[in-house]
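As structure tokens, one chain now follows by itself in the form predicted alone.
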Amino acid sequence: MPDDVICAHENGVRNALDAGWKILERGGTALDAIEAAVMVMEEDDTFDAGRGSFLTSDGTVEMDALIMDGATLRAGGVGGVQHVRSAIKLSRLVLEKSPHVYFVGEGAERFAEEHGMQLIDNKELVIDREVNRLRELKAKLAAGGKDTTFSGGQDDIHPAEMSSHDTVGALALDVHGNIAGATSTGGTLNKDPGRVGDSSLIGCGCYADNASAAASCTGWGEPIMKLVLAKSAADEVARGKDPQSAARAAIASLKTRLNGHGGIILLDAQGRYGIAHNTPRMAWGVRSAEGAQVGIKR
């Protein structure tokens, strides 16, 4: 996160908190709150979600998202969608309207259209900043003569183009005592078309269970998937760890076992939360009846 975008990240997180809190303070559900919060960030091109997402090697946007209800363990996820404005809104439709949990690609978009979501041209999600970012990366890789996918083995060296992430996530606890989690992303810069990361996979980039915790992750998806990081962290809360300790342990494991990098937020049904990361910076925010905190965690 370069210095010149710190304020934009803080403002985006603050706006998301406000949207979610407005729902919670009038007695709304945790699911409604996190959907609203994530949609705000999907519409903000500061983040790698919705409009402004990182581009695939083909120059298109492909989005993944998941939303999960901690009270019932119901979940809805989508992968590789290209023609909807909000991947998290579509995920909520899957949770509410389908006996299935997960849709991908054309099937996901057909489901969206059948349930009243307007399909859009993928170009509406592409912005000049990301076109230039992709062009610069490809030129750099071409000049160096390196593989455009990996600079080393996937278990110990991260891909050169995966050095930045801006996946968004939200967790909430409502007045009914229920928690929920959501994660949305455009994936990694210059990814191969069809690649699905951790964000939309239950237990990997997102999880929620009233009996343990809700979790949302950001970072290099492949190691996060291998460790089923969100579920692993939530399980530690169920075993008695406080969310902050569980968050730190999850990120420590990500680094020590697979040399992975990323961040995680955790929230349990008691209202305790944890935030941890091993990247130079991560934007975060917390809102409760006592007020709001927003910042860049270093």
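Note that residue numbering begins at 1 and tracks the sequence as displayed. Model, not experiment: these values are computed from the prediction.
What follows is about the form predicted together with a small molecule, which we do not show.
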* Structure fact -> Note: exactly one of G76, G203, G197, G80 sits with a heavy atom within 4.5 Å of the small molecule in the predicted bound form, namely G197
* Asked: Where, among 113-121, 179-187, 89-97, 133-141, do residues come within 4.5 Å of the small molecule in the predicted bound form by heavy atom distance?
  -> 179-187
* Partner proximity in the predicted bound form: G169 to the small molecule, non-hydrogen atom cutoff 4.5 Å -> no
* With the cut-off set at 4.5 Å between non-hydrogen atoms, does F103 touch the small molecule in the predicted bound form? -> no
* To do: Indicate whether the small molecule has at least one heavy atom within 4.5 Å of a heavy atom of S216 in the predicted bound form.
  => no
* **Partner proximity in the predicted bound form: E35 to the small molecule, non-hydrogen atom cutoff 4.5 Å** => no
